[in-house]
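In the form predicted alone, a lone chain appears below as structure tokens.
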Amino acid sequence: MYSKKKNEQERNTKTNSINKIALRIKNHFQKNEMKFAWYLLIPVLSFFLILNVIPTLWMIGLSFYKYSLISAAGPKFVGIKNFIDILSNNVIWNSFSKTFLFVLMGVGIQTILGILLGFLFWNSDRLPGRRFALTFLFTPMIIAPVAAGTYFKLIYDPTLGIGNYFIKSFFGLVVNFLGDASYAFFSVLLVDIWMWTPFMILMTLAALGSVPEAELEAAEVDNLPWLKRLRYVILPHSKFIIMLGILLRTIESFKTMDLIYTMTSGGPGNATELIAIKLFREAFASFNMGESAALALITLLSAIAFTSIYLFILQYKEKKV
């Protein structure tokens, strides 16, 4: 009996001491809220600094040097020569033009299809097989680009591919989708559209879900025409999320490398050599670190320019409304 009381007293003493410590910590952080906020931010800021800021500053500095990993000579400061060489290189301009075309066509078609299919599945809870259809539509988005590239490389194969099997059966033709420069770019673009249209469907459904039910019911009661309902009720509430989806897809499209590298490695010739493929070859095949850093910086600025255009359009429309 005595030992039980003693154990309970010891437990109570420990609990009281822990509570006192917790109360002191609470009082300390309540008096110093800014310190507490900084304590929470330090791990995130450290992570961001080490993995983003320092490598970016290193890349900017390296872009002003002539430096090759396979040369015995060390880094040599050349100023803006790397940028001049890049901007006067027709091959790199060709890669940029293909990248811009890939981004505009890919994101444009994904957005149109995503919005149309999003409207189709909006408020369609009673549609038979809706869940299965949405699951089937969202599946490509979760497949790794390397796996999707390998999968479609087999489909496009002129000898064993199922795609050519059907084309030969119906039209008597064999199309070398990835080996012919006339078809390679659009064949890769088709796979990218197949993969990422579900993302725009998801963003469209999220955007339409943000439209207040009361306003939709009021528009229905007033017999507002569909176009006016779209313009004055749906679009003002949903445009931000849709524009955010377009912005994210634009940034990701600029970085497309793994899908194309798996399917064509930038070929045939340079038919599918986007700027990410060119950058990979400069850095990890030719080991020209100075030129590749300058090219990466130009690509980064191009992506920022596209982002700024989207944000400007969005803010301009908000001010106009």
Partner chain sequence: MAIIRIEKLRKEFKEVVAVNDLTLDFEDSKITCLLGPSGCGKTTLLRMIAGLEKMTSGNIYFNDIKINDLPPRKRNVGMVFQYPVVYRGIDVYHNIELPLLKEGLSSKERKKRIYDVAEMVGIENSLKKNINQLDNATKQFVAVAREIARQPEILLFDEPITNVDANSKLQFKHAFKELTKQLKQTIIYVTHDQTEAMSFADKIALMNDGKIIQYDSPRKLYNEPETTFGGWFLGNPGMNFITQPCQKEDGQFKIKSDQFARTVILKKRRNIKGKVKIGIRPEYIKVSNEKLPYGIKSEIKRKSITIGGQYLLTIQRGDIIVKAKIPHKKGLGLSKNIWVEFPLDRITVFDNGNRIKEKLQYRE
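Residue numbers count along the first chain shown, from 1. Note that the structure is a prediction, hence the values are computed from the model and not measured.
Beyond the structure shown, there is the form predicted in complex with its partner chain, which is absent from this document and is the topic of what follows.
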Practice problem: Run the contact test on Lys81, Phe83 and Val91 with a 4.5 Å heavy atom cut-off to its partner chain in the predicted complex and return yes or no. | Solution: no
Quiz item: Counting only non-hydrogen atoms and a 4.5 angstroms cut-off, does Lys76 reach its partner chain in the predicted complex?
Solution: no
Quiz item: For Tyr232, is any heavy atom within 4.5 Å of its partner chain in the predicted complex, or not?
Solution: yes
Quiz item: Would Leu173 count as a contact of its partner chain in the predicted complex, using a 4.5 angstroms cut-off between non-hydrogen atoms?
Solution: no
Quiz item: Should Leu227 be classed as touching its partner chain in the predicted complex when contacts are defined as heavy atoms within 4.5 Å?
Solution: no
Self-check item: in the predicted complex, the one of Ile167, Met105, Met243, Ala219 near its partner chain [non-hydrogen atom within 4.5 angstroms]
Solution: Ala219
Practice problem: Taking only heavy atoms into account, state which residues of 196-215 are within 4.5 Å of its partner chain in the predicted complex, ordered by sequence. | Solution: Pro212, Ala214, Glu215
